[in-house]
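In the form predicted alone, a lone chain appears below as structure tokens.
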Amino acid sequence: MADRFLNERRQVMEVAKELERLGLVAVSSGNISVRVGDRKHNLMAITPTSKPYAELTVDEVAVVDYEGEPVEGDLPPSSEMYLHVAIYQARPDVQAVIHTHSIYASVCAVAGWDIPPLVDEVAVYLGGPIKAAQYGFPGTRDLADKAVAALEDRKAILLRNHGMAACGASLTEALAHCRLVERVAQIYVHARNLGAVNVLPADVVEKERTMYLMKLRAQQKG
């Protein structure tokens, strides 16, 4: 096995297994990627299509360019490759992207609900409301374009009738954002069922978003 991108491919494999352990994906649903190499070559390590995460090995994690041409790996990349590519191209601060089918986030995505800033972490870590993108057929550039339009400068989105996606400056951060989205989605669903959704005051959200933007600018410069 070639080992040029061994560390990044191992990280993708480990995060895939952790997502399944946490119940954020099942079998081979969802997908994970991280940028590899230098920016001018536009490469990423990404989970392969239709491979159960419990059985995934490092050498099966694909390394491809943004057209899907293989560089390393024994299997073709995820069918949602275009989603990852579109986010990387739109957001130089993003180093990793994770797409999950977690239950409560998917409930909100099916309902078409944007998740408002209910708790401080939504604005501080995700940049504001978690918006539901317009529907796009899975695996298409249309889905990818609509996802990027909904994401804007934030760190997470809902994919209408599908699931959610989160990004970060590392796979560790992207995974933390996935966990946060699922927790906040649970809070939102239960609060709606109780008939009382109280969002944070607008001035608090503005202050917290300012904190978020300061960190974002630092990541963009880095």
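Sequential numbering from 1, following the sequence displayed. These figures come from a predicted structure and were not determined experimentally.
The same protein has a further form, the form predicted in complex with a small molecule, not shown here; the description that follows concerns it.
Asker: With a 4.5 Å heavy atom cut-off, would you call H162 a contact of the small molecule in the predicted complex?
Answerer: Although the small molecule is absent here, H162 would touch it in the predicted complex, with heavy atoms inside 4.5 Å.
Asker: Taking 4.5 angstroms as the cut-off for heavy atoms, does G30 touch the small molecule in the predicted complex?
Answerer: Yes, G30 lies within 4.5 Å of the small molecule in the predicted complex.
Asker: Does any heavy atom of T49 come within 4.5 Å of a heavy atom of the small molecule in the predicted complex?
Answerer: Yes.
Asker: I'd like to know if S78 sits close to the small molecule in the predicted complex, meaning any non-hydrogen atom pair within 4.5 angstroms.
Answerer: Close contact exists here: in the predicted complex, S78 approaches the small molecule to within 4.5 Å, heavy atoms only.
Asker: Just one of 145-153, 97-105, 123-131, 67-75 has residues with a heavy atom within 4.5 Å of the small molecule in the predicted complex, so point it out.
Answerer: Correct option: 97-105.
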